[in-house]
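In the form predicted on its own, a lone chain appears below as C-alpha cells.
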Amino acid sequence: MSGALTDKIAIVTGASRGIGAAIATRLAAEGATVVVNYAGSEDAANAVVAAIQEAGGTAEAFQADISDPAQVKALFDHVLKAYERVDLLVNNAGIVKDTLILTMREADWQRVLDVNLSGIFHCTKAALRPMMRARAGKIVNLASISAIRGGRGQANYAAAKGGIVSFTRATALEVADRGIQVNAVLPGFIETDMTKVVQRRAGDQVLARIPAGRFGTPDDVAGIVAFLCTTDSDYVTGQAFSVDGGMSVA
C-alpha cells in the first residue's frame, strides 16, 4: 500500500464487479477504508471485500439501489454513523438497456436515466453535506465516451452519460470554494461483463477504432480515479478525462 489515502473514507457505488471493483480495490490499496456499494450482487460484493481484506485493506459491503433516494439516505446514514465522515465518493454504478430509439420502451429509457444520472445526483447531494462541513472532499463521476461520441442503440445511455459530464461541471463550480473537487472519468471500451456481448459480436470493428490497439482494463480506469482522489489533484476540478486508448479523438 502506498498510503496516499490513509484514513480516508470512500464510498464506491456499483463496486461488486468490473470497473467499480477495480476502483474499490485500488482505493483500498492506497489506504482508504472503502464502502463497496451494490444493488443486487451480494456474493460478488462480499468477494470484493474479502479480497481487499486479504490484501491488508479495510472494506465493507452495503446494499443500496442508488436510484432510490431512501436507499441512498440509508447508505450515507450508515457510513456517517460508522465513520463520522465521507471523504471520497466515486459514482460508478450504471446499467445499459440498449436498443434503437424506435423500439426503445419508455421504461428502459427512464430506468437508465434513473440509475446512471439521477443516482449520481442522489449520492452527490448526500455526500456534499458532510464534505461541505469538513470543507474538503473528492467526488469522481464515471461517465463514458458515449457522452461525446454517439453509439447506435444507446440513446438512453448516451443521454445519461452526457448529463453526467454537465452535472460534474456545474457541481464543481458550486463547491470549489469549499475545498471540494468534482471530476468525471469517461471510459472507452473496457473489458467487463457489460461489454462482453459487444466484444463477441463486433470486437474486431471496435478494436480497429482504438489507436492504442487494445481494449482497456478496469485497472486502466482505476488508476486515474485514484489520482483524482488524492491530494495531487487538489487543483483539478470540473474536468472530464477520457480513458479510451485514443478512441474519442481518432
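So that there is no doubt, residue numbering starts at 1 and follows the sequence shown. Keep in mind that this is a model prediction, so the values were computed, not measured.
Just so you know, the form predicted together with a small molecule exists too; it's not on screen, but the next bit is about it.
Note that among 137 to 145, 171 to 179, 82 to 90, 97 to 105, the stretch whose heavy atoms approach the small molecule to within 4.5 Å in the predicted bound form is 137 to 145. For the candidate set R111, K73, R149, R129, a heavy atom within 4.5 Å of the small molecule in the predicted bound form is found for exactly one residue, namely R111. For the residues I224, A39, A29, A61, the 4.5 Å heavy atom test against the small molecule in the predicted bound form is passed only by A39.
Heavy atoms of D219 never reach within 4.5 Å of the small molecule in the predicted bound form, leaving it off the interface. V115 belongs to the set of residues with a heavy atom inside 4.5 Å of the small molecule in the predicted bound form.
By the criterion of a heavy atom within 4.5 Å, D193 is counted among the residues contacting the small molecule in the predicted bound form.
At a distance threshold of 4.5 angstroms between non-hydrogen atoms, I19 is in contact with the small molecule in the predicted bound form.
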